[in-house]
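Form predicted alone, single chain, as structure tokens, below.
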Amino acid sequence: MLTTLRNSTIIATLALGTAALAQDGPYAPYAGTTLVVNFPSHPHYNAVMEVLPEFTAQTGINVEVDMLPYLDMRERQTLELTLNEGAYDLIAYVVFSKADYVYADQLENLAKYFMNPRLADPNFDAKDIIDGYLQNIGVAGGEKGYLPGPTGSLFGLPFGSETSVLFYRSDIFEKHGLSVPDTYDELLELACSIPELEPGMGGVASRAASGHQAAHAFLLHLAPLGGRVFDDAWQPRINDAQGVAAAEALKRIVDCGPEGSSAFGPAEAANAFSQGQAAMFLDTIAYAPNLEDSSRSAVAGNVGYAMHPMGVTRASQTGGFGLGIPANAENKEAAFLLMQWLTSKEGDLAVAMAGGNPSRFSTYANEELNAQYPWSATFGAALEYADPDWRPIIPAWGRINADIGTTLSQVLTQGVDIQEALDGIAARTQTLMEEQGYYIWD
């Protein structure tokens, strides 16, 4: 398989070096090793590509990158992780893959690496890693099976993790004397006022396409409006008053959004905002560099940044990517050294300076970073409210997520009644959870 990968056009070979670059110290035994890693095509990992050559220069460990669209990674990783000997030494996995990979015993528990004094950097400072990201992307087996707790353990480190903020057109807001919405009531009122103030312009650009994108958009509103998919006994509560309010918010946003909103994925929504077709965009921080790039964005220089609006509480999303070592990897210790190097204080800052998403509090506090990227201060403040439990990361989630997304798409495009749609999702979810054994102890 490795030969196949090396012949593939999708691989970027970043190997600078040879064993001659080997240094004394922890990296010396691994100098000359070539790691094969699987990364997504994503702004954060584009920044990582600029930093990786420095790792090889410092350690003598070469890195080959198999870069794929992030929605295609799951299929490839699922194939590789089930082999006796997989192609990948290190993978970046999407957060909602965590439960499936851990449940199938396909990711290394990182405890034995952090316990090994020959491998663990004493200056790594794990307490500096953003709590919400670490809980969301790295820990499994604790509370609810996917959050920290006495039985939890660490299977990955956040790297390219994200939270949500509100992007807005500062020039349009100034032109009409508008206040930046801080609450959902203000957001929803303004969403449908914008088309009247600026004919041809939508209020909020949002992802809404059938399937994962509509489910993601709904969940983005559910947590701040006080809802959850399940109660503490795993009974679906997605169809309660808070769930209805979240679905109504999504429908209002799509109805008053730019043309074609109901078919938008995140890239299409970001593009609509960047081309001046919407006054606001509520989504991940990962899009900021592109929105400020005048070669890609017609609104560069006129973008404001604000906290994810507050409902009954303030709760921004957590998501994105983490790094994990496949259980069938050939070079696990060298892969850990690369993972540790990339997520160290120095590595996190270097990637952030190249345009990536920080995973450490110290990076967001860095004056040089905030001078280069003025929006970083808002993003750092938003992380105080990052909610690691805004969606359940359980093995059954893929099927539930798909049901939410396809059913809510019918609400957005076919006028299906919201309560009826959510009642149907709740009933099907309860049946699925029963099949999965969730109520056997009742």
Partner chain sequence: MNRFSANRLTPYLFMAPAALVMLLALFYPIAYMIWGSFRSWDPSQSITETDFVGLANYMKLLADPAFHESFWVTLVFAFSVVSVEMVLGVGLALLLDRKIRGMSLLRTLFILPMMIAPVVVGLVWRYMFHQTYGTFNRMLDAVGLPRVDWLGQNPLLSVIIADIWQWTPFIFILSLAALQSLPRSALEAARIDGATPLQQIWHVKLPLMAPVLIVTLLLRLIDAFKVLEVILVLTGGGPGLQTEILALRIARTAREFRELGEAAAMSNMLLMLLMVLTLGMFAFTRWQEARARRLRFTNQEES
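A quick note: this is a predicted structure, and the numbers were derived from the prediction, not measured. Numbering follows the first chain given and starts at 1.
Below, we refer to the form predicted in complex with the partner chain, which is not included among the displayed structures.
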- Message: Please determine whether each residue of Val94, Arg228 and Gln340 possesses a non-hydrogen atom within 4.5 angstroms of the partner chain in the model of the complex.
- Response: no
- Task: Could you spot which one of Arg74, Arg314, Arg296, Arg237 gets a heavy atom to within 4.5 Å of the partner chain in the model of the complex?
- Result: Arg74
- Message: Counting any non-hydrogen atom inside 4.5 Å, which residue from Glu108, Glu292, Asp283, Asp100 sits next to the partner chain in the model of the complex?
- Response: Asp100
- Query: Which among 66-74, 383-391, 370-378, 33-41 is in contact with the partner chain in the model of the complex, heavy atoms within 4.5 angstroms?
  - Reply: 66-74
- May I ask you to check whether Gly260 falls inside a 4.5 Å heavy atom distance of the partner chain in the model of the complex? yes
- Residue contact check: Pro29 to the partner chain in the model of the complex, 4.5 Å heavy atom: no
- Counting only non-hydrogen atoms and a 4.5 angstroms cut-off, does Ala104 reach the partner chain in the model of the complex? yes
- Message: Taking any heavy atom pair closer than or equal to 4.5 Å as contact, tell me whether Gln410 reaches the partner chain in the model of the complex.
- Response: yes
- Residues in 383-421 with any heavy atom within 4.5 Å of the partner chain in the model of the complex: Gly398, Arg399, Ala402, Thr406, Ser409, Gln410, Thr413, Gln414
